[in-house]
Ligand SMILES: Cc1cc2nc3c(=O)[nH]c(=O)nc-3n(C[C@H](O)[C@H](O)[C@H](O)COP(=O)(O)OP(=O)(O)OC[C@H]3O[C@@H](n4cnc5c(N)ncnc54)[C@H](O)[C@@H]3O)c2cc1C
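Given as structure tokens, the chain that follows is alone and in the form predicted alone.
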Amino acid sequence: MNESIRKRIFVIGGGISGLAALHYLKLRYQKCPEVEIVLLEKRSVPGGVIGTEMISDARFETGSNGFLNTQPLTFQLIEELGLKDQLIEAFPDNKVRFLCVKNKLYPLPANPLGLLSFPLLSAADKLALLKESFVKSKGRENETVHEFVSRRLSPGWAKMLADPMISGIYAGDAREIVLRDAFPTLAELEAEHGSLLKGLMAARKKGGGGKSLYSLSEGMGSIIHALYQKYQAHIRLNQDVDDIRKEANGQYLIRTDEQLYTADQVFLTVPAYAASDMLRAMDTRISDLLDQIQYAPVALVGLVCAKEEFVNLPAGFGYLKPSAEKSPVMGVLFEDQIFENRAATRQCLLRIMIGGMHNLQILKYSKEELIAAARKEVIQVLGFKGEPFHIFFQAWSNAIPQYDLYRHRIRPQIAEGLVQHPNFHITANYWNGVCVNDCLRSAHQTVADSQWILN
């Protein structure tokens, strides 16, 4: 044992949350050689769901394809990793989003008032938009997105717009996702301005240029690769943690199938179901609560095709489908039209998103069946009449945690239980947000709030 090491900190999980926690811990204790920081990862490669695969000139994202310019920490991390020269912004001319209903694409207006002429909304729905500013009702603490939109606008708005939006972000059900947990800003805008529309207009005016989507020229996997290269000496791969136990002296014992580690402080960043298994011996109640957090299954199929093989491939970001369409496909992203360097000239890269909480049956589909569903989608909607040059495939049976009514109820109970375990922390995408920005913010805040003093 190295006698100069006085404190040992372990991060469990090598996804973006764990790698970010490792990064912020190394920054915090960079002048403390007596503190040892180690990350344990189950797989042979870090990154979790985030990664970039490449065939020829096509780059396919296995998870998030970018991040909004709403979190300075993300840009700061990219600069600290030496990736600033890779930073790219989404094409400004291809921001149009579409809704797909009965295999027909309808462009969504760029501003709320433009929705007054949107053909998929009824006259009553459009009238509700004009009356929204006068709605005085207040929602419950655990109001769902569907309830919120129905209350402030109409059920038609919830069905036609909120429903596909939740599918696109959470692969979830708008009737189950809690507004204050998933979209706290919207709840705050209503509380402050008494109107969703007034709040959105005030936010847009205050924000100046508005939101923009960014990524990296070599793909989002560049962030994972850079973090791994920077901290490789502190990362131990192929370390499957069986359980975590707390000793009488306050230390934690982390047992893998190969070794037993002693930690003074632990940051648990794995998915809720994995955390549940690890914590069973230490805290049965927290373990039981975590075990019931739901995850949506998602399969991603990437098709690299010749642009000339499409009858109807519009310029834009992509499209989403309302769940009323009863399709296994949630939507399609036109990746080469979102960011540069995603496909060769005269080729396109389509990313077809299949599954979600409305389509749990995809868990029984084979890879071949999922690819067939993706091909059928682009044939029916986009008029594809050729053969793909390349096919990418990635399926996640537990892709995105659901910020639903159950999670809303048990999160404070878990937080209360963690008080009984000093120097033990959770930071993961089921805790404080699912996107890359949220994971980085949560990891940074958790490390900053970890009040631990060297003896």
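Not measured: the values here are computed from a predicted model. Residue positions are given as counts along the sequence shown, with the first one as 1.
Not on display, but discussed next: the form predicted together with the named molecule.
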The named molecule contact at Pro271 in the model of the complex, heavy atom, 4.5 Å:
yes
Although the partner isn't part of this model, could you tell me whether Ile12 comes within 4.5 Å of the named molecule in the model of the complex, counting any heavy atom of the residue?
yes
Is the gap between Asn423 and the named molecule in the model of the complex 4.5 Å or less for some heavy atom pair?
no
Does any heavy atom of Met278 come within 4.5 Å of a heavy atom of the named molecule in the model of the complex?
yes
Counting heavy atoms only and using a 4.5 Å cut-off, do Leu99, Pro328 and Ala374 all touch the named molecule in the model of the complex?
no
Heavy atoms, 4.5 Å, the named molecule in the model of the complex: which of 396 to 404, 27 to 35, 382 to 390, 415 to 423 makes the cut? Say which one.
396 to 404
Can you name the residues of 30 to 61 that have a non-hydrogen atom within 4.5 angstroms of the named molecule in the model of the complex?
Leu40, Glu41, Lys42, Arg43, Gly47, Gly48, Val49, Ile50
